[in-house]
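Consider the single chain below, provided in structure tokens and representing the form predicted on its own.
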């Protein structure tokens, strides 16, 4: 893995600080021109209008500059649209370890299944209830476990 890719992949998501943009699948590509040293990083937002994208772009530029890459372009592409299926297994594990229930996989035909129950990331109980469609960020919903009474965020499936 190139130093440019390693630097970009290490950028932490500003809204969910326990995962990187690589863990979330936001990082699409890193190209480095060996002749000029120019680096082009391609990212895809989790949804159009995501307020974290400006911070992510700035953090990518900062990380790459710290790694010695001065000529950096960050491109944002919207197609194909990001899906929660792009979250890596490591990212899902990090979310769960931080008390955020990761989303279920989206079916291959593009249909997003209705979430009737979410397992509590703290105790594993399926006895949970949604408190609000919106949690601490627009991409999360707020749930509560009936078994351990703890509230938790659930990353919505897209």
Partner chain sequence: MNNPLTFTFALALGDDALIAAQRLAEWATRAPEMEEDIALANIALDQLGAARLLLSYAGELEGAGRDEDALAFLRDDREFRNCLLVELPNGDFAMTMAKLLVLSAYQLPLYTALAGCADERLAAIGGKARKESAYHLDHAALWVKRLGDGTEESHRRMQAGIDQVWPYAHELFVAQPQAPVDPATLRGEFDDTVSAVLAEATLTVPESGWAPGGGRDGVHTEDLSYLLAEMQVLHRAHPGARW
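Treat the numbers as computed from the prediction; the structure is a model and nothing was measured. Positions refer to the first chain, counted from 1.
The form predicted together with the partner chain is left out here; the points below concern that form.
- Interface membership of residue 46, defined by any non-hydrogen atom within 4.5 Å of the partner chain in the predicted bound form, is confirmed.
- The partner chain is not shown here, and in the predicted bound form it never comes within 4.5 Å of any heavy atom of residue 125.
- The partner chain in the predicted bound form is approached by residue 135, whose closest heavy atom lies within 4.5 angstroms of it.
- Contact annotation for residue 51: at least one heavy atom lies within 4.5 Å of the partner chain in the predicted bound form.
- Stretch 127-135 is the answer when you ask which of 91-99, 64-72, 30-38, 127-135 has residues with heavy atoms within 4.5 Å of the partner chain in the predicted bound form.
- Contacts of stretch 77-98 with the partner chain in the predicted bound form, defined by any heavy atom lying within 4.5 Å, are made by 78, 79, 81, 82, 83, listed in sequence order.
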